[in-house]
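So this first bit is one chain, no partners, the form predicted alone, shown in structure tokens.
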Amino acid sequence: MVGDLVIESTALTKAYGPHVALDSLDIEIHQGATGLLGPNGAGKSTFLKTILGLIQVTSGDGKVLGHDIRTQGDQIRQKIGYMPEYDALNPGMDAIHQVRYSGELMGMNPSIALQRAHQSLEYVGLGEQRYRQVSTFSTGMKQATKLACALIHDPALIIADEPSNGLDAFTRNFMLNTLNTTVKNGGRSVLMASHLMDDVERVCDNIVLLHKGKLAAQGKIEDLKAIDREVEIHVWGSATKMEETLSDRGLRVRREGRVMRIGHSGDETYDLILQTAADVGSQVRRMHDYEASLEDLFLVIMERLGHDVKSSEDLLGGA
């Protein structure tokens, strides 16, 4: 539905001299939660700066919340809450005044900003810590403070850059739950950039994957997963011969030891697997449809783009 588009672009291109950072992007991001993925140098930062109206596009068009990115950057930024990856807090400020200040920077009346700061800090779990200096906060508390700063003016869209990076399991869980609540109960949208596939999958229903400035994939995670259905088998005996023969017979195989995941190409896939096992003398001790994760989907897409990687950390770590 066109009416629920939060971000849209047509042939969006940004070049720095001969270097093309964004290459003719046609993107549609709908209301809800969307993960922004891509290796280092994929164009994620340039894309964010472009849709915020902070840098001018070379060619193409785009809209954010109905506003033109070329001419209405101020209006766009007023409706967006940004939670940066980098440390953007004043260590000498109390949390309440840090968040209040963020509201005033957005043009809020000081008394209203203070009231909203109390509410925002309560929402992110820091109500009892609001008068402590930011310098005394743990990493998780600083991340929560940044989220409170992003929420103070009740934005329609929150851009969260690595929101759970560096957090322990408990704090990470709280952060992800808060983002989920913000989308599902708060009626806001989230664009979440992260190298942690599990976190993206917990919060987001959709992804946009960039690669070398181009759009590699976009859409609902569950729909993209369905494109690459796999059958998982546990093999005993002649596993290497089994893998080679399956590949020779036109099946895509991913193997880790005795476990193989074979691309599902129709109902005949199961018969072909069993026949191959009989031909090479292998035993198939388990066979079932494999429930793919976002990590699996990412690896399949990157493999098709020519990357030989074992995990998303190989590409996204430190992004």
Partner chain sequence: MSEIKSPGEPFEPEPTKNETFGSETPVTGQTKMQAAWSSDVENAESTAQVASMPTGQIFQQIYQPWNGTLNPRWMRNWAILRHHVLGIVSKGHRPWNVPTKLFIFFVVIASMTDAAMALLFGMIGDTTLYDIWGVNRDNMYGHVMGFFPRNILWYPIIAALLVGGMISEDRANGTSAMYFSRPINRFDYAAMKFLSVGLILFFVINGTLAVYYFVDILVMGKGWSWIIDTFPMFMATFLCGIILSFTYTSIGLALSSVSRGRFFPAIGLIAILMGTKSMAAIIDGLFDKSVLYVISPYDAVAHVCQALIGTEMTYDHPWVWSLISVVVMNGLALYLLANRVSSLEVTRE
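Treat the numbers as computed from the prediction; the structure is a model and nothing was measured. Positions refer to the first chain, counted from 1.
There is another form of this protein, the form predicted in complex with its partner chain, and it is not shown here; the text below is about that form.
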Within 4.5 Å of its partner chain in the predicted bound form, heavy atom basis, the matching stretch of 107 to 115, 200 to 208, 214 to 222, 239 to 247 is 107 to 115
Q | Contact of V231 with its partner chain in the predicted bound form (heavy atom, 4.5 Å) | A | no
Discussion item. Check Q78 for me: does it contact its partner chain in the predicted bound form (non-hydrogen atoms, 4.5 angstroms)?
Written reply: yes
Is there a non-hydrogen atom of S164 within 4.5 angstroms of a non-hydrogen atom of its partner chain in the predicted bound form?
-> no
- Though only this chain appears here, would D74 touch its partner chain in the predicted bound form if you measure heavy atom gaps against 4.5 Å? yes
*Decide yes or no: are P84, N90 and M93 jointly within 4.5 Å of its partner chain in the predicted bound form, with each residue judged by its heavy atoms?*
yes
Across 176 to 191, the residues having a non-hydrogen atom within 4.5 Å of its partner chain in the predicted bound form turn out to be N177, T178, T181, T182, G186, R188
